[in-house]
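First, one chain by itself in structure tokens, the form predicted alone.
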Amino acid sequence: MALSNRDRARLSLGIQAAIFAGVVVVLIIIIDWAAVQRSFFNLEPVMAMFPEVITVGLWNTVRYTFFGFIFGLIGGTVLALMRIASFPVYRWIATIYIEFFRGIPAILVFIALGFGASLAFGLNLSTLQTASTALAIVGAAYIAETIRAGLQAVPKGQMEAARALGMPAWRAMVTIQIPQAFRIVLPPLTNEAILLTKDSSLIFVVGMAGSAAELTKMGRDGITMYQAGMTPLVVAGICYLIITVPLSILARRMEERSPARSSRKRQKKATASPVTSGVA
């Protein structure tokens, strides 16, 4: 007897579940869980990391990310406006900047500011200044493309209507196009904040004082200080999740409420309504 599509789907799902359960059982049997506990969850030695891992490491990570994102957002907005400007020189400058800093590893920017700035210009930047500036330089290149896409997603008719009413181009841009663009790009901007949070770990390559340490440095130093295997890095990773998971949830919520998704839902309802009426 031939199986229906639904029966085949159920059979396939059952086979996959059985294979998964078998793999889990095998792993439970063959893994040395005592060694795993000693290497990754040896909490007693690393309790000495608290509360500094929160009050110093987590706090510094948040500070570096916050200032890097704010200045990156300002720079990205300027670059996005330059990318869509009618003056070609502005477009060339913005394009070169964006392509350059999107094309090189972020760690090079950290090294250049941490070591090259003092050698070339005699600047002695603090850890906060180095981290925030490096994150802002790199973040601006990515944020610019996100904001540019948002600006171009705003219907042109709104700007044309504002100009027809006698509103100057700059005022129409500031009061109509930019606010709507930011509403559109809020979810991807939140994802950029998550990426900058993780990139803040690169500051450890330039060295820092203990009071300026962020989570990655504290985790790396904890491996040698506490002889607790990889547990200090696990603690640092959990602290990163304290920052990134809420931001990920916020991004999904904003994406669900975004104008684009709301318009798609309305279109689906409008398309389904005639079908429903016809069936009735």
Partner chain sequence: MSELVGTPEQVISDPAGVVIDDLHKSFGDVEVLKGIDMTVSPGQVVCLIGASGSGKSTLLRCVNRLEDPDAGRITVGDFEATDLDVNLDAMRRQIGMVFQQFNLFPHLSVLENCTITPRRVLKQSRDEAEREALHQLDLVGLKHLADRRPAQLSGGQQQRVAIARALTMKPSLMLFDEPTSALDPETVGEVLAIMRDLARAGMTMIVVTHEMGFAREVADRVVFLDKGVVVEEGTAKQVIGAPTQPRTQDFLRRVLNPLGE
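Positions refer to the first chain, counted from 1. As the structure is a prediction and not an experimental result, all values here were calculated from the model.
Quick note: we don't show the form predicted together with its partner chain, though the next part is all about it.
Stretch-level contact analysis of 103-111, 191-199, 127-135, 177-185 against its partner chain in the predicted complex, using heavy atoms and a 4.5 Å limit, identifies 177-185.
In terms of contact with its partner chain in the predicted complex, the residue from 122, 210, 207, 168 that brings a heavy atom within 4.5 Å is 168. Taking a 4.5 Å heavy atom cutoff to its partner chain in the predicted complex, the contact residue among 98, 151, 162, 82 is 162. Of the heavy atoms in residue 157, some are within 4.5 Å of its partner chain in the predicted complex.
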